[in-house]
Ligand code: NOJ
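Starting off, we have a lone chain in the form predicted alone, written out as structure tokens.
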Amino acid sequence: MKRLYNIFLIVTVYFQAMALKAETVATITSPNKNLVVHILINGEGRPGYNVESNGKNLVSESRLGFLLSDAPQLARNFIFVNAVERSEDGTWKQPWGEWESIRNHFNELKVRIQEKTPLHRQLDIVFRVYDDGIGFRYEFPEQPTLKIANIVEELTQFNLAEPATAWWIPAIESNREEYLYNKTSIDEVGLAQTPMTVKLSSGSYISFHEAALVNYSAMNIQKVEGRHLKAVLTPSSSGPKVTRALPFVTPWRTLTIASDAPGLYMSHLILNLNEPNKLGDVSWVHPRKYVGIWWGMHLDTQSWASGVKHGATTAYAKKMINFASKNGFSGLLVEGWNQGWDGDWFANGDDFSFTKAYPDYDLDAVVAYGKTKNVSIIAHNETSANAAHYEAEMGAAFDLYKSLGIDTIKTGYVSDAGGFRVRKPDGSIVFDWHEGQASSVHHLKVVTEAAKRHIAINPHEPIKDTGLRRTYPNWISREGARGMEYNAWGVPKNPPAHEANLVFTRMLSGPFDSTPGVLSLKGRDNSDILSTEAKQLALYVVIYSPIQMVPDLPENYENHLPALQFIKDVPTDWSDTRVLAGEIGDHAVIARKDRASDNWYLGAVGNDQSHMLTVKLDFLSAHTTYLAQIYRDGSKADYRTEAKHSMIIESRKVHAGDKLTLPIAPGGGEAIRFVAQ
């Protein structure tokens, strides 16, 4: 009897396993056939997918679906209805960016599934497969048994098929995205922000992120067990994480896939998954370099608030305009100009005026003086994450700026995560999250209202970049990472490996207003910045932003005029970009072609070790001689000693196909300008 019972158990387990076994209901491949996505439904009617690359499983069976607050879950009891395929292959042009032209080549599969229950609810899952990755999203069609989706959680999974190393920062924590990157095994990942980058044991790289985050809660990634990852939406203080009336679509869940780290950066997946430009002619968006009444506040030699240390005075603004004009910089950011900085502005934000200046700052006079010097004023609107107050004030503010000819605003949302204040439809104000649904609605409202006045937006403490700059090209840059300010007052300061991490993690999402170029290499109280002087120059090429700050004090630049020359020369808008070499947290070498000339620029950064890198100049035009103007670490340069200022400037003629050796000091870098002769 015992033997018969054991046989019964074995047979029962076998048939249960067979009942849960997933069946492939549809398949889609990349244009080059290397990536394959199978759409699955198992014996319980649970939808899922897996991903193969060159015949090898990268993502094992991973579930899809939703939990709803007021209706049964959309997770099981589904049947396959139909699948529709289409392909597209075209090229579109960026008005500004790292590449002038971008190819958009994909195969798409839209799969409709329907519940077997009496509700018969339907869900479309759309997969777009490119040669360099996949994007998928949910589409909720109009239907009689579901009018409003109150989403508690997505049930999206990413089940890695192999052991992996992950580079990640924590999500839903007080300091938003401003954390140093962890490097751990995949099974040590906590709740992580995206982009999150992993390297599988077989050598493949995957960056997990999202595209086209519109009227939805931002996605984070959490390790469940082993290599099993799941999506976690940013919370809402008002119940469901997302509330949307049908029909609607979710953001794209993206997996950028490459055989090496440089391949991740060279992907256009995120931009391609966004809709084309909705603003039309955006010639009023101006990539530029700008100086700022800013660094002195972080050094605590000036203040945002009024008083004897007030930085934003008419006299000092004119001095900064003169410095900008003398050196060819076309913008001046002025922080602390507007009333509201006195008192505990971090905790409030209600006191900010975005139209009224302090008595010692004449906004009209400063703008007028800037025009005589071809220097545009960049307005600063710190909100303390009080979106409710800002939305009530910004219409009048934007109208004022338009009348003055101010074409760029740096917004700020300084507060602890969870301190984002929004006004509900009933007029009440609640605290929410920086990357929740309410935040995504607010940020896009700011961008679209600014666009009506031909104003570009550069938010700090922002919602993360998901490629919406393609659709709204006045969303010109943003912060969303640990930038230069941490080198003024941060404990710890940004370590030497920080930028080599950023290139293959945060920078995969889009531009970063990181404010490089502090040539004094000194922070508050004369503390040391963990960098060489040459690296500060290289960062203008390595860390992309169409608006680049020249942040140090004018007197410090006067003491480093040879290095300042490279900052004056380097553009901020590019026609082509090549990642020549790189490994996460170790080094990155990037070459970019000026959109306005035939010149190329190269930037290389390392970590706390010395490097001897060799690059081939294949990117240069054939049959053209270039003068390579080289700014490199001296032989004894080291971020830990006074030799961090040791820099060699030299020139040599080069041609396409030549090889250059780049000696990178500990904490160092190299910057090169290739001038076509």
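Predicted model only: the values in this text are computed from it and were never measured. The first residue of the sequence shown is number 1, and the count goes up from there.
One more form of this protein, predicted in complex with the ligand, exists but is not displayed; see below.
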request  = Please pick, from His298, Arg578, Lys318, Arg227, the one residue with any non-hydrogen atom lying within 4.5 angstroms of the ligand in the predicted bound form.
outcome  = His298
task = Could you work out which of His380, His268, Arg121, Arg482 is the residue within 4.5 angstroms of the ligand in the predicted bound form, going by heavy atoms?
result = His380
request  = Give a yes or no for Trp304: in the predicted bound form, does one of its heavy atoms lie within 4.5 Å of a heavy atom belonging to the ligand?
outcome  = yes
task = Evaluate Glu461 for contact with the ligand in the predicted bound form, applying a 4.5 angstroms cut-off between non-hydrogen atoms, and reply yes or no.
result = yes
query = Though only this chain appears here, would Glu335 touch the ligand in the predicted bound form if you measure heavy atom gaps against 4.5 Å?
reply = yes
key: in the predicted bound form, His498 touching the ligand (heavy atom, 4.5 Å)   = no
query = Mind checking whether each of Tyr49, Tyr130 and Arg253 has a heavy atom within 4.5 Å of the ligand in the predicted bound form?
reply = no
query = in the predicted bound form, which of 340-348, 423-431, 276-284, 102-110 comes within 4.5 Å of the ligand (heavy atoms)?
reply = 340-348
task = Output the sequence-ordered list of residues from 264-287 with at least one heavy atom within 4.5 Å of the ligand in the predicted bound form.
result = none
